[in-house]
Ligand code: GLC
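Here we start with a single chain on its own, the form predicted on its own, put down as C-alpha cells.
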C-alpha cells in the first residue's frame, strides 16, 4: 500500500485544493455541494474518466481551513477533513460523521471476520476465492460502524445488500451457472450506496483497471477498495436520502435519454433463429396465440459466416424486403453485432480496418492482435480511438438500411476463445497509447458509444443499443441485460436483486433473459419468470440454440398465463414510459428495491423478492419452485390488491395465496396510473386518441407525459404534460405543457376506491 506521508502544505485554486504530502500531491475537488472528489496522481495528472463527460462543477461555494492537524474543505452540505497519510473523513454540514477512513490494522482474523473460518473454507471450496490477504498499491479502507448496508455495484451476484461479499471489477464472460459465489460478471459499475441508520452516502471509484471491493468480508471493522494501477480517484456523494444519492451519482456520470416507445414492448429472441422462415414462424406464432410482441432479435446466425455488418445471402437473400414484411406485421428487428472482425482478405470491413490501423496490436510484434471468437480468427477494433468509433458507427448503415431498428452489442467484455487478451495488448485512449489492462473494463462502454453515436447520426432517432458489457456512464449510450443466465430458480430469484442494483448504479434500462439462456426451463419456471419480467424495464425471452421456450411451447394453462402477463405489461406501458421520463430527469430507476423508497423502514433493508415499479406499483412475484403462497411485506400507507381490489393497510407482513396464474401486486393509495387499450404491438392503434387512467383512492396527484415516442424533439419542448388531480374522488385533467401536436381527444377514467 502506498505511503502518502505527512501533510506539508496546501493551497486552493478554483474548486481544487492541492495538498502536498511527503510522497505525493493529493487533490480534493469540490464538484457540487454534495459531491467531493479525492484524487492522487499515481499514474497521470488527469482523471482520464470514461464515466464522466464535461465539467460537472456547478459553482458550489466552499471554505478551506486547517484545524487540529487536518485540512478542512467545507461546502454548504459536506465537510471533508484530510489528515496525514491521506486519510479523509466526511461529515455533514452539522458536523455529524458520515464516513471515516479506517485507522486500525488491516488484518484478517476469525474474530474480526464477517464470515467464520468454516464459511470461508466452504466458499473457497466452491471456487469462490476470498480476497482477504492480497495487498494493493492503492487501497482505501472505510470504517464499519456496525449498521451499514451496501447497495449497488451493478449486476453482481448475491443478495440485494452487498455486505459480507467481495467482488472484482473485471468484465468477464463466464458460461457457468451464475451463482452467489461469482466475483466477476460482465459489467464494471464501481459505485455503491452505504445506508446507515442515521445517514446515507455513495462512493464511486473511477478507475478502469482490475479492482477489488471487499464489503466487510475480510474484517468486520472495515470495507476496502483496492487497485494496483491507475490513480486514486473516488467521489464521495452526499444527499439527504437514497433517491438524492442516485440523483447526484447520475448527475455525475450521466442519465439515459428516453427510449423509443416500441422498445418497451415484448421482445422474443433465440440463438437458433436462422432463416427467414424461422422468423416468420415465430412472428406468426405470436399473432396466432395472441401474444403482444414488438421485437424479434437476430442472433449471430443471420450473418454471413459471423462477419459483422453482413447478412447470410442463403438464408437472408433480400433482408430489406423481409424486414419490411415483418414491420408490416408489427415486428421490429434488433440485430446482434459483436466486436470481433473476421480475418478475411475478401471482407471489406477487415480490409479497411487493417489498412487504416484500426485494430488493437500485439505488444511484442506490433502486428494486429488476433484471437478467436465466433468468426474464427478475429481482430479487435480499438474503440478508444475516435476515428475507429466513427468508422464503426458508420458501418451500421448496412443494417439500418436493411430495416434494423436496434443494435445488440454482445461479446464485448471483450470475449475471446483462446484465452483472455493479454494485459499488454496495445490500445489507444483518445490518441494516447495504452494497453488492455486499462481499457478492458471500458471496451464495451466505448463500443456502445460508437454504436449509439453512429445510429443517432444515421437515423435521427433515439438509438436502441443493448449491451452485455459496460462501465459506469454507459447508461448514456445503451441498455443492458444480465448476460447468459441459466434456467434455475436461483437465477430467477437473483434477477430481482441484479435489476434493482443495476438501477441503483445508473443502469435503469435493464433486463434478464426470461426463462434462462442456458439449461432447460420448466413450464412453472418460465411462467413465474414472465410474471416478474413483465414489470422489468425491458422484457425479453431469450435462450440458446438447443432450447425452445417461446410462450406456447408448454401448452395450456401456461400459454394463457403467459399471454395474460404480457398483456398486463402492454397495459402499463404509458406508466413505464412516464417512469423512464422521471429517470431522465432525476436518475431514479424504473425498477426499484423497496429500500430506495422506504429507507427508514428496517423491514425493507433485506427484502430481495419484492420491488417497486415507479413509486406506485409494488410487485411480489413467486420465485420458488412449487410455491403457491408467499409472505408479503407492505410498507406504510394504504395499498390496493390489484387482483381483488381489496384495500390493505401497510407496515405489516402477511401471507398471500399465489397459485400459478397469480403474481401478487399492490397499488399505492393515491396512485393515478395511465394505461393503454389492448393491442398486439405499439402503434397498432392510435395511442394518442384517448387517455386511459386508473385512479386509486380518494386523493392523489400525477404528472403524465406524452411525446412522439421516437426522436429527440422532446428535448426541444415537443411534448405534452398533464397535471391530473384526484380530490376527494373527483378527477381533473389540466394540460400544463403543450409542444406535441397530438393531444388526447378523450379521457376515460376507472376508479378503484
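Just so you know, these numbers come straight off a predicted model, no measurement behind them. Numbering follows the first chain given and starts at 1.
Separately, the form predicted in complex with the named molecule exists; it is not shown, and the next lines address it.
- Heavy atoms of every residue among 271, 336 and 468 are located within 4.5 Å of the named molecule in the predicted bound form.
- The chain is drawn here without the named molecule; in the predicted bound form, the stretch among 438 to 446, 673 to 681, 310 to 318, 405 to 413 whose residues come within 4.5 Å of it by any heavy atom is 405 to 413.
- Taking 278, 92, 89, 299 one by one, only a single residue has any non-hydrogen atom within 4.5 Å of the named molecule in the predicted bound form, and it is 299.
- Of the residues given (249, 427, 481, 192), 481 alone sits with a heavy atom within 4.5 Å of the named molecule in the predicted bound form.
- Residue contact with the named molecule in the predicted bound form: residue 374 places a heavy atom within 4.5 Å of it.
- Though the partner is left out of this view, residue 509 does not reach within 4.5 Å of the named molecule in the predicted bound form, counting heavy atoms only.
- In the predicted bound form, the named molecule stays beyond 4.5 Å of every heavy atom belonging to residue 528.
- The named molecule is not shown here, but in the predicted bound form it comes within 4.5 Å of a heavy atom of residue 542.
- Compared with the form shown here, the Cα atoms of residue 545 and residue 524 sit 3 Å or more closer together in the predicted bound form.
- Three angstroms is the minimum change: in the predicted bound form, the CA atoms of residue 491 and residue 545 sit closer than in this structure, by 3 Å or more.
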